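First comes one chain, alone, set out as structure tokens in the form predicted on its own.
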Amino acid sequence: MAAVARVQAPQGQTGDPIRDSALGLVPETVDPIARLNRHAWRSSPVRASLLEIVRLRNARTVNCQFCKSVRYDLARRDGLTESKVDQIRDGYEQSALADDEKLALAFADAYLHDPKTISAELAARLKQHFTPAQLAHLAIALIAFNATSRCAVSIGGMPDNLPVMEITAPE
């Protein structure tokens, strides 16, 4: 059974999943969020598949059904497979994911749960694998991903299950 919507989405559909959600009812605030999301995908020093792994970890943490079902085309073209997606779960540390993917997930977990929990050891490992610009970009991308998914969950109205769907990264 689908969750009851607490806020209805706008009548007109634009094809943009953020603008077409209930967030689109407040264009003066959703426009900057949509621009931030677009920037996260189009101007990233981080490869798209790594961004998608972090975005999907956020989706699972927040339990956003829509976000969990989406796969961005840029990430697929960059090598993201459903096999990798299946490993973005608790216990990913023992998975077959690459070291930089595991580190990005550890960074996302700290960001999503308690940013001050980044240990000196994790910070050193992050600095070995990522440039300061890449770490800053991951954090800023998480701002966009987390804001939209938390809003979507709090507004409600999403189906309990959605099929995996590929969408085009925002232009």
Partner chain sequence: MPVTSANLIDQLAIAGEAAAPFEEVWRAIWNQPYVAAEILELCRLNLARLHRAEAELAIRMPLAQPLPEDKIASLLRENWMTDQRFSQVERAVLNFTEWYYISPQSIPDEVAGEVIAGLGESGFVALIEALGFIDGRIRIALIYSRIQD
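Note that the coordinates shown come from a computational prediction; the quantities given were computed from them, not determined experimentally. Numbering follows the first chain given and starts at 1.
What follows is about the form predicted in complex with the partner chain, which we do not show.
Looking at the partner chain in the predicted complex, residues 75, 79 and 164 place no heavy atom within 4.5 Å of it. Taking the partner from elsewhere, residue 129 is found to have every heavy atom lying beyond 4.5 Å of the partner chain in the predicted complex.
Contact between residue 111 and the partner chain in the predicted complex is found at the 4.5 Å heavy atom cutoff. In the predicted complex, none of the heavy atoms of residue 47 sits within 4.5 Å of a heavy atom of the partner chain.
The partner chain in the predicted complex is not approached by residue 67, whose heavy atoms all lie more than 4.5 angstroms from it. Within 4.5 angstroms of the partner chain in the predicted complex, the stretch 48 to 79 places a non-hydrogen atom from each of 62, 63, taken in sequence order.
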